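There is one chain below, alone, in structure tokens, taken in the form predicted on its own.
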């Protein structure tokens, strides 16, 4: 069984001169971390929108757990798939707990109040994400890194089998970049959830993800284990900039993971 599968999908935004995504094959297995990487404008977020059903392919089709994605009822989809978007602004004053509790809506009927199971799920999600002590704090008074953990907790409160995240470490410092990736890694190990994330953090993706998909100009360039994807000649062609690629020296479980360093003083590659 695969989580997401497609022989190839394409998508063109209305009025656009060319597709944002062109014939991209998808093959994501359960129980690991899958990273989607590539330059700005390469189609990463568009592909994520296709996986969530927010956008429908112009050509091709996607299967979710061996069932056509378009056939999934939205409530059933929301119980199986948790999504953390790249940006979010809270329009109403909410505490951390109230925001996380929104993840239980797929299980509640109209005007139905939370039950004990819902409260337990919310508390457990906050505890797992390390934000339980922030439960009564207004979301306007948490840091950017804390807010990302809160948003992940909301997705976890849905009790999903799959988590999709778009740039979960954007604008975060080293501490929160590492803590978010380690949190996602622990979710994969301890709960069996499948994590699919879009990221510009090539080096962290190489250290934490078991599989990478590299996009360039809307097309799939390479997919596989990080050392087979993050290859110097390939990256220089895709990103248009000279780089050095070396194995992570350790210590720790990341020993040997490819690490990418952009070179200076040599100019862009055409």
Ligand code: ADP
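Positions refer to the first chain, counted from 1. Because the structure is a prediction, the values reported are computed rather than measured.
Keep in mind the form predicted together with this ligand is missing from the figure; the text below concerns it.
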Interface stretch in the predicted complex with this ligand - options 43-51, 230-238, 26-34, 60-68, non-hydrogen atom within 4.5 Å: 43-51
Does any heavy atom of residue 39 come within 4.5 Å of a heavy atom of this ligand in the predicted complex? yes
I'd like to check something about residue 257: if you look in the predicted complex, is any of its heavy atoms closer than or equal to 4.5 Å to a heavy atom of this ligand? no
Would you please decide whether residue 20 lies within 4.5 angstroms of this ligand in the predicted complex, comparing each non-hydrogen atom pair? yes
